[in-house]
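Quick setup: one chain, the form predicted alone, written in structure tokens, and binding and motion questions come after.
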Amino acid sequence: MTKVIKILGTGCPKCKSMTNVVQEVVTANQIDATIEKVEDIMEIMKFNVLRTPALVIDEEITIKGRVPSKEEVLALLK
């Protein structure tokens, strides 16, 4: 089943770092997932997130306000 991953953030350096980490983990581990970047502040507010970047996996907020390690992302996706 394809996972839906959303990265919430307005395009700041931390948001870009999180995007890179998630893409690397998905590619390296051949995880069936779609990655969406959500940069619209109104869309981000719908998730009730005050600090970005935030990682949403299948509509569940898993990380907010920091860039996770590759190991942490992999654990969340398994």
Partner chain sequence: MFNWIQRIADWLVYDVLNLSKEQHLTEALNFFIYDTTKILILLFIVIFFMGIVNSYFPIDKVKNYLSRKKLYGLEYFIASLFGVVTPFCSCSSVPLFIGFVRGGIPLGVTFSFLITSPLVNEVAIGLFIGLFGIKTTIIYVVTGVLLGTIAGIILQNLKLERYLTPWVKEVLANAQRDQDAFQSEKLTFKQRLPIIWTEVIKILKGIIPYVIVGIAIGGLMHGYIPEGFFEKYMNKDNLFAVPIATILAVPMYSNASGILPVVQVLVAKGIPLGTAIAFMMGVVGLSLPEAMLLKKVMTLKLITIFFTVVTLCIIFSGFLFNILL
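Residue numbers count along the first chain shown, from 1. Not measured: the values here are computed from a predicted model.
A second form of this protein, the form predicted together with the partner chain, is not displayed here; the remarks below concern that form.
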item: Contact test in the model of the complex: residue 27 vs the partner chain, heavy atoms, 4.5 Å; value: no
item: Touches the partner chain in the model of the complex: residue 10 (any heavy atom, 4.5 Å); value: yes
item: Partner contact for residue 35 in the model of the complex: the partner chain, 4.5 angstroms, heavy atom; value: no
item: Contact of residue 66 with the partner chain in the model of the complex (heavy atom, 4.5 Å); value: yes
item: In the model of the complex: members of 17 to 43 within 4.5 Å of the partner chain, any heavy atom; value: 41, 42
